[in-house]
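Presented below, as structure tokens, is a lone chain in the form predicted alone.
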Amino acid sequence: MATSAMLRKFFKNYYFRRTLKAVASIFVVTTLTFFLIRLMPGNPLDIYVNSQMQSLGVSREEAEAMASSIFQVDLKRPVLLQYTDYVTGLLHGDFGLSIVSARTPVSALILRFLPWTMFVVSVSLILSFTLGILIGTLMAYKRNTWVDYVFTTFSSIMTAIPDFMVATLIIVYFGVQWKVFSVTGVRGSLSPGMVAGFNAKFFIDAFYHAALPIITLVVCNVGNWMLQMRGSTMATLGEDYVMVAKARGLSEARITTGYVGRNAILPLFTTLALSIGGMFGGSVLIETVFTYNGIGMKLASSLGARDYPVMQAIFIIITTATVSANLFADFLYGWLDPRIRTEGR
């Protein structure tokens, strides 16, 4: 009885339930991705088999045997057994081998492209969040003035325009027509011959190639932060403790930083956690538009080539990033508001 009571208490724990839900979500998405990808028409193995049959005049069985040897894939193995092998490999940290890049581990490709996406996403998120906080606070203090109207209009427009369209407009106007950026010179993540290292030359070159994707993500996301911070700051300005601080004769700068800003920014940190996963998914189209060698660009090329293992691995990474961000936000909510931890008991 004591053991049963301990188990019930354990399963009612807020943090355990949230973690279990996150793990289940990742498992379900991984399973659906595995089977849905295999419903896509055409794959490199079929193309290779047909080309070998036509060029060498061999039978389908012989061509399939050649493909199985080169790509290390058993074409006749049932899909359910393939799924079992795939899940077993995932539990051991093995994403399999790329079909297009024969005998190349998918994990090696991920480690090659993922850092560049993390670099762009992290820098753009920090910049957009910081600018949004500062401008949103200014909008709240200058409410119903031309400053408020201009930034509110900008925010409303930018939140309504898709990010890939903003990227295209930046290329057309700033790159092609106005010549502000050299569009052809910033393809890829590094200049040819550049060796990665902890030196100024490498960092400058990396920022140069990542500038356009970062600018696009900042422009597309800063408006949302501005509007949220404006609303939160205006709500905080009406609190009693702000009125008391003013009555005590504290300086406006002290009230803004110590009372208004610190309390107004608190609700935005939970939204910040959710934005991390969302920006990973949003970087796919932006990297493709700017030909930036990140995980999004690799996903686009894998979709075209039907490279199943690489596609599955990238989808798992995006899903894990999104679910982990939501889990972190749930933990943060539970820590900030203990009442949430007792709901559903």
Partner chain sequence: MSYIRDLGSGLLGSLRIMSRNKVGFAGLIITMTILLVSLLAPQFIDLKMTADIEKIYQGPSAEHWLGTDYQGRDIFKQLLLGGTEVIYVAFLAGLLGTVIGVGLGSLAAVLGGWVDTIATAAAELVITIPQYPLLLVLAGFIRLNSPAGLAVIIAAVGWGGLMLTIRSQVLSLKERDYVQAARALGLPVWHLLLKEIIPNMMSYILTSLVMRMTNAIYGMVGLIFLGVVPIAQNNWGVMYSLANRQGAIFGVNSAWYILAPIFTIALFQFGLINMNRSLEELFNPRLRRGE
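Values in this document were obtained by computation on a predicted structure and should not be read as measured data. Residue numbers count along the first chain shown, from 1.
Keep in mind that the form predicted together with its partner chain is missing from the display, and what follows is about it.
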Just one of G197, P78, G89, P162 has a heavy atom within 4.5 angstroms of its partner chain in the model of the complex, so which one? P162
Between L134, V176, I204, A108, only one gets a heavy atom within 4.5 angstroms of its partner chain in the model of the complex; which residue is that? V176
Quick one: find which of 245 to 253, 162 to 170, 89 to 97, 126 to 134 has residues within 4.5 Å of its partner chain in the model of the complex by heavy atom distance. 162 to 170
If you check in the model of the complex, is L303 within 4.5 Å of its partner chain, heavy atoms only? yes
Does any part of V323 reach within 4.5 Å of its partner chain in the model of the complex? Heavy atoms only, please. yes
4.5 Å heavy atom contact, I47 and its partner chain in the model of the complex: no
Taking its partner chain as it sits in the model of the complex, is T288 near enough to touch it, meaning that at least one heavy atom pair lies within 4.5 angstroms? yes
L32, S156 and T319 all contacting its partner chain in the model of the complex, non-hydrogen atom within 4.5 Å: yes
